[in-house]
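Next come structure tokens for two forms of one protein chain, structure 1 first, structure 2 second.
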Structure 1
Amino acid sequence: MKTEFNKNAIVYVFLIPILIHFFIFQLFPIGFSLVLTFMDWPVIGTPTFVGLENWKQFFQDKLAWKAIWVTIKFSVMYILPTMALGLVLALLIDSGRKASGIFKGIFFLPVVTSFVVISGIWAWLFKGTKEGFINGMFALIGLEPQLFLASSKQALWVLAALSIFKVCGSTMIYYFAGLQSIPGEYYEAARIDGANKWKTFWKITFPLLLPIHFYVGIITTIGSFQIFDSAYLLTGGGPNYATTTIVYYLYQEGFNSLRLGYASVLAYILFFIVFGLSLLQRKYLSKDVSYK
């Protein structure tokens, strides 16, 4: 027993920094945030115990519910298009065409590019004046200029398009890895049986990518509910709160209004929503895939 412990001692030593990091930067903030949900703490001053007042306030806060609704709408605009576009790009690369390497570079470039830089480009593209690139193109073909980021009906669509553009490259890589893992014998058998490309895709490729669908679905769902950067950089949550997502509202309450207790409640509400959706996705998408 002692010998076995000595053999693993070096492993325990290397685990110590990871465990320290986990307890200080992950477990402690989670627990401290839970305590803050029962406190009124404006950062400066002594925290005051208020019981369930912060939780009660959430259920009466119309702006918080609007922020959740905006986040859900954003998720609907974002999740399926991101997955579909990633799959299409992966299929394009996997087809073995000569330009597949170029596609890899073009569509993965936004993933490694700073969100601030891309947001700056997006702000110019969708500027709601004649100086904006898209409105300039509209003018050339005789279409009316659009407000885009200044419109409460269009701004969220622009943010969704920006997020899809930023993320679809990494989604493409996940699907491409999944396509590479499918045995070629299946496609050979399908060709012998006379199956066309469309039937081959629906009967072989799509079902065998189920683990990838599950993984990509989970990470895109979590990402959609954590959307903050684009709302902060491009619209500031406006116009008329049309792009105020739950994370942006949490930021406003915590760091602008200095209501850390209420912001912690919003953080836990966000956790419960994402956790529930992840359980649903696990139930309906997490299935074993056999190649035999």
Structure 2
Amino acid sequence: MKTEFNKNAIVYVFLIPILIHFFIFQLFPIGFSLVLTFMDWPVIGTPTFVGLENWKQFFQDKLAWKAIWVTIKFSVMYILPTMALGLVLALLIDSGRKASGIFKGIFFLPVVTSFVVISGIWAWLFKGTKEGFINGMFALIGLEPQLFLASSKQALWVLAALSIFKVCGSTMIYYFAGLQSIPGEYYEAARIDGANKWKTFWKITFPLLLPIHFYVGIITTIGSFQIFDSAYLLTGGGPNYATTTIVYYLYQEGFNSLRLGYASVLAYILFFIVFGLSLLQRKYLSKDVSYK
């Protein structure tokens, strides 16, 4: 007869080291970051306890609120187009079965490409002079050249366009999976009832994708609140803080101004927002739509 240890040897051999790893690199840092919000922690010099000072400062910090506002504006520009484009692409590849693999691959390519590579290309596409590709195209059809990244009105739009291009391939994948789980009989029934394609889409496809809409909506929103790479690479938060997002501001405060305590407050603000959104997701996802 085997002893209790032998029966579960594999559990103890692997789980214990992994739990220690989890404690050191996940759990401890999260607790530590809460402590940091009550500390003044310059990178060089001694940390001091300052109580609620950092939190008070956050509520008075106009730039922090501006960063939150910029992030919300970005989300508004980005979420719906990403979802809509993802759905359109999914519908297209779902109907074009023959070559759908190739098209799926092409639409998916930006998802696997790093932000740095795409930003490198984007920087030249949207150069705010006649040398920029888009301005070159504008010139051909007689439109005025635009400032794009150098304009505080347009820069955030360019970042949103980049993110939509980068991410809609993954939204497409969720919608594609959703479309394939809708049973064919529904379409069969609609056809017999003489419904046209437009009607079939709005009465059957779109409502039956409801759980996917919620899921995609929430993860896209969570992603948009964590936007950093493109703001860092393309605009450096400017012009005039027009593209300073929450995470970009956190990076600035933490690693340029070296105020780690205050940056931790910003990290917690981000956490509260993302946590709130996740709760919404859970609330709505529990109302799963059943097909049968």
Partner chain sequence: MAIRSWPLYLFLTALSLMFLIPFVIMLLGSFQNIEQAIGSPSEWLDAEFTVQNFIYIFTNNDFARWIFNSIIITIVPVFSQMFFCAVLGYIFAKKEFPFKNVIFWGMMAVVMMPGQLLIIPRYIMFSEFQWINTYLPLIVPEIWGIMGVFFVRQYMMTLPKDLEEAAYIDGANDFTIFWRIMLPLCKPVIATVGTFSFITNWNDFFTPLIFMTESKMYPITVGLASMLSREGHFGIEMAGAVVSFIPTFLIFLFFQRYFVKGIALTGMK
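Each residue is numbered by where it sits in the sequence of structure 1, with counting from 1. Given the structure is predicted, the values throughout are model-derived calculations rather than measurements. Here, rigid core means the biggest group of C-alpha atoms that superpose within 1.5 Å across both forms.
Working through the pair one at a time, identify the form predicted together with the partner chain and give its number.
Structure 2.
Rigid core superposed, CA of Gln60 - does it shift 2 Å or more between structure 1 and structure 2?
It does not reach a 2 Å shift.
For Ile269, decide whether the Cα shift between structure 1 and structure 2 is 2 Å or greater, given a superposition on the rigid core.
No; that C-alpha moves by less than 2 Å between structure 1 and structure 2.
Thr46 C-alpha relocation of at least 2 Å between structure 1 and structure 2, rigid core basis
After core superposition, the C-alpha of Thr46 moves 2 Å or more between structure 1 and structure 2.
Distance moved by the Phe23 C-alpha between structure 1 and structure 2 (core-aligned, Å):
Its C-alpha position differs by 2.4 Å.
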